[in-house]
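Presented below, as structure tokens, is a lone chain in the form predicted on its own.
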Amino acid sequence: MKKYFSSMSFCVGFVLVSFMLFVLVVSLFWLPYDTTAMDMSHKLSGPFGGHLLGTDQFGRDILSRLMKGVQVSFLIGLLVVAFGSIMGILIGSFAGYFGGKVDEVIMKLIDTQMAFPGVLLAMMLIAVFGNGLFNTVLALAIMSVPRFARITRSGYMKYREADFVKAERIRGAGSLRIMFVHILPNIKSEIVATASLAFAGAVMSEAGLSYLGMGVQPPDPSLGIMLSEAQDYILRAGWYVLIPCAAITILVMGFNLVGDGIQEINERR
């Protein structure tokens, strides 16, 4: 890991991601209050009173809802990256390794999907299949497949005629073994960088969809929902808007900087 910590981008991103991971781990075992418990007598109370980050318009504890929202963001990010990476690696590996007509057909399909703006495609899918956590993950996962497919394809095109691949062919290794045992490990750093950037994109997209009412649905907390609810009270309780904004910024910036740092180190090699 020394080579990665030599990058300032990676170091800063690592610190930000580590902080949010700490919040996530704590939230799995302890929450200050019930995230749906209302107390109208203390609505929009400021920070550092009975509630560390104050309360929302229904008297719900903002810190508890923020911690629960971080859980939702990490869950969606991990599911999107897992699905997108598996599908993208499979598609990109076949396209890059075999080339020819296989590559042409696959890349035409990928280019067709990428012709649609990402969030617009997700909104269309959610409009068809309905709101909710599962459909949000499905829509964002489909959006992430082309990113993984293209980076995997380029890696396979780079190595498919390498000497170690030719040696394995001479030894009688099958195509699947060469693809996933010998070539895939050589592009793992590029895939990890892509996964980090895809995670940040998924968090941002989920927050945007939830802000528009098309993602996670109330009363379940989400950073996007909190931001949407806070906008009506921006003049009365400005700190209420800043808290979910800060959480989204730290998450997205952290994973983007980690991805940028990995790419920076890869380019030096």
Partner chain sequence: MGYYCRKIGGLLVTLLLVSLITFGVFQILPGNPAYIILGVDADPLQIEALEKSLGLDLPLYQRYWNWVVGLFQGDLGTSLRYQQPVSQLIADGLKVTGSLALVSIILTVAIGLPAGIWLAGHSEKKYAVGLSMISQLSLSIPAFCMGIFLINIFSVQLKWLPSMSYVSWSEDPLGSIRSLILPAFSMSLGSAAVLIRYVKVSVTNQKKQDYVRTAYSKGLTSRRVMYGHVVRNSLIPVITILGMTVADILGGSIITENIFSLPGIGRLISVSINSRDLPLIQGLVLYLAVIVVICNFVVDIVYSVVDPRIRLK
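Positions refer to the first chain, counted from 1. Everything quoted here is computed from the prediction, not taken from an experiment.
This next part talks about the form predicted in complex with the partner chain, which is not shown.
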- Name the single residue among A162, A82, M124, V192 that comes within 4.5 Å of the partner chain in the model of the complex, judging by heavy atoms. M124
- Message: Just checking whether V119 would be counted as a contact of the partner chain in the model of the complex - the rule being heavy atoms within 4.5 angstroms.
- Response: yes
- Query: Should G208 be counted as a contact of the partner chain in the model of the complex, where contact means heavy atoms within 4.5 Å?
  - Reply: yes
- Task: Verify the contact flag for L21: yes if a non-hydrogen atom of it lies within 4.5 Å of a non-hydrogen atom of the partner chain in the model of the complex, no if not.
- Result: no
- Query: Going by a heavy atom distance of 4.5 Å, is M114 a contact of the partner chain in the model of the complex?
  - Reply: yes
- Query: Is the partner chain close enough to M8, I234 and T249 in the model of the complex that each of the three has a heavy atom within 4.5 Å of it?
  - Reply: yes
